[in-house]
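Single chain ahead, written as structure tokens, the form predicted alone.
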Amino acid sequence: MKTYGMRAAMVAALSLSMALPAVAAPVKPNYPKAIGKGEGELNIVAWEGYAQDDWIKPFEKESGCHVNRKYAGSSDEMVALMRSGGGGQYDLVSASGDATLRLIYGGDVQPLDVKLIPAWKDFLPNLQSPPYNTLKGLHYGLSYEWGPNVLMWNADKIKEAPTSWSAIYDKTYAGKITVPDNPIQIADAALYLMKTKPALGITNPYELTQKQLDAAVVLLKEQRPLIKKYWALASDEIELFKNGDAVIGAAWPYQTNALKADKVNVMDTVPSEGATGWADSWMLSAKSKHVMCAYKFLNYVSSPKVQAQQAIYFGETPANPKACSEMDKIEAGSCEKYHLNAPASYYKQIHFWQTPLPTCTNGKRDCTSYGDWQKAWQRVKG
């Protein structure tokens, strides 16, 4: 696999435009009766590597919809872009789970009629109506690609394979540890505490009371002196491992595969405590001016062939399991490598990103919000 610029996990300073609005205002459905002739243009916000010419050019030729691409470097930037210019500047966004609920409750995106996207019925069951893009039975997002946040290490430097996230909090590796620069990293600490300190009562790493959030911050502050660098780009972490500046850290499968391709002896695993993970969704702007082209695009990128192309390029896993054979045509063994044919037990280990909300799933309003997490992350980093 080639090394390309990847999404940034870097989070900018706090901004009201990126926080959840004070009043929840999800947009009501306004479904088209059918997918008609395209408007000739489509404006998208995407992660870098999500709109490559290999599959965008054929879509433009097939649909007559010219795609204008804007690449974002973080989830916060995506939210800000979808709200810029009154919200009508872009039609689609490839949002991750730490941004989706902000866009839904902010009234920035509209529900999709999955009946107009036939491939949706083929998606993995847990990605058809996940809580991070589906609200009260309405599909505000179409699941796309996903992946786990794995523990990666240099097998030449660490001979005994670690099996727990405790390794990234271990003073043995002081100055050689790297983790993402992202408030959602708090969920990784919470997941570890959920297993190692059950007395805290954490049941969901994205639903933390103030006491539970404080406990995660304490753990991350203890980790802070051990960190060589918080990485913002996947390429940052790749360079850290290539140069020997880091020997262990939190990563994506992409980094593992890119490093192996460059003959760096790394390995990765989903540790005993499980893992967090990202799952991206295409979401339609509430003020889209090119709805027909958007639905044509959603159908196109849901197809097994395009999902396979995207997966191999980026190093992730499709929502559509029918992409398995297409992946193996492109790169032998890639379906298994990216766990698309894994048993259900594999998926159950992964806690997909969700936007932290002040109202917990049980209805109590004692959970901390994403804004609280942003402030907490700044405290961790000092």
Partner chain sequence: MAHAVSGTGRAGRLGSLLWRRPGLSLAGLVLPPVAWMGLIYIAALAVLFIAAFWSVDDFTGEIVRNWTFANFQEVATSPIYQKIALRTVAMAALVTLTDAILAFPMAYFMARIAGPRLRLALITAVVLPLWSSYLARVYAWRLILAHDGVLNWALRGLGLPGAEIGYTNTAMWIVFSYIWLPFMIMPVYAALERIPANYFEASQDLGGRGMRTFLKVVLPLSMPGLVAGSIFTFSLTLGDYITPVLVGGPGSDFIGNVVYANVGVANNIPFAAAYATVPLVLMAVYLWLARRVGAFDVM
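Predicted model only: the values in this text are computed from it and were never measured. Residue numbers count along the first chain shown, from 1.
FYI, the form predicted in complex with its partner chain isn't displayed, but the following is about it.
Residues placing heavy atoms within 4.5 Å of its partner chain in the model of the complex fall in a single listed stretch, namely 74 to 82, out of 255 to 263, 160 to 168, 298 to 306, 74 to 82. The single contact residue among Leu213, Met152, Val291, Leu101, judged by any heavy atom lying within 4.5 Å of its partner chain in the model of the complex, is Leu101. With the partner removed from view, the residue among Ile330, Ile35, Val27, Leu357 that has a non-hydrogen atom within 4.5 Å of its partner chain in the model of the complex turns out to be Leu357. Shown alone here, Asp268 lies farther than 4.5 Å from its partner chain in the model of the complex, counting heavy atoms only. For Lys287, no non-hydrogen atom is located within 4.5 Å of its partner chain in the model of the complex, even though that partner is not displayed. Among residues of the shown chain, Pro125 is not one whose heavy atoms approach its partner chain to within 4.5 Å in the model of the complex. Shown alone here, Asp236 lies within 4.5 Å of its partner chain in the model of the complex, counting heavy atoms only. Contacts to its partner chain in the model of the complex (heavy atom within 4.5 Å) from stretch 192 to 213: none. Compared with the form shown here, the Cα atoms of Ala234 and Tyr338 sit 3 Å or more farther apart in the model of the complex. Note: the CA-CA distance for Lys57 and Ser235 contracts in the model of the complex relative to this form, by 3 angstroms or more.
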